[in-house]
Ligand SMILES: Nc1ncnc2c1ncn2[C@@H]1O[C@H](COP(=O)(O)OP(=O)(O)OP(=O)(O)O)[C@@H](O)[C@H]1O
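Presented below, as structure tokens, is a lone chain in the form predicted alone.
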């Protein structure tokens, strides 16, 4: 039976969490993993948590619900990727405690780069005051203290960041090492940077 795990991508809006989660999912499926599920902030908010707003309490409840789903999936042999801003450390620590084989990936990107990218125009709206309580602008983001993996999406390609995640999974024994794999990619953990 396939070993389940949770890869929790956290970072500011526009940092590349969803892009990276999709690519990791694609790589896992290409390796023949049958049970892979991606939970994404935008999609989850449309179905599972559409009743919630963006207050701290609602954001915590959003992550609480996602944590429950990720826990069920991972404990039943599903490789589960979660792409959520998840701005508060305490909520992420709860997810860590409940998720089976939990791996936190900090998708780090400088705020100036995110404001410049701004694919959804959200930073522009937040900076102009049109959006209130926007994470990283007028609401806090608490970066992880000890994530298993840190990717720098302002400096790395999607392929390089994906390689770090896949290499970590291989080195942890959660997926098998392939001869032509990207296992030689250097895995950066927060302490090593």
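Keep in mind the model is a prediction, meaning the values are calculated, not measured. Residue numbers count along the first chain shown, from 1.
Separately, the form predicted in complex with the ligand exists; it is not shown, and the next lines address it.
A.B. asks: Could you work out which of 128, 157, 146, 46 is the residue within 4.5 angstroms of the ligand in the predicted complex, going by heavy atoms?
C.D. replies: By the 4.5 Å heavy-atom cutoff, the listed residue in contact is 157.
A.B. asks: Heavy atoms, 4.5 Å, the ligand in the predicted complex: which of 65 to 73, 148 to 156, 47 to 55, 24 to 32 makes the cut? Say which one.
C.D. replies: Of the stretches listed, the one contacting the partner is 148 to 156.
A.B. asks: Using 4.5 Å between non-hydrogen atoms, is residue 85 touching the ligand in the predicted complex?
C.D. replies: Flag for residue 85 set to yes.
A.B. asks: Can you check whether residue 121 is within 4.5 Å of the ligand in the predicted complex, heavy atom basis?
C.D. replies: Residue 121: no contact with the ligand in the predicted complex.
A.B. asks: In the predicted complex, does residue 169 have a heavy atom within 4.5 Å of the ligand?
C.D. replies: So residue 169 does not count as contacting the ligand.
A.B. asks: Within 4.5 Å, heavy atoms only: does residue 117 come near the ligand in the predicted complex?
C.D. replies: Residue-level check for residue 117: yes, a contact with the ligand.
A.B. asks: Mind listing which residues of 3 to 20 have a heavy atom within 4.5 Å of the ligand in the predicted complex?
C.D. replies: 12, 13, 14, 15, 16, 17, 18, 19, 20, in sequence order.
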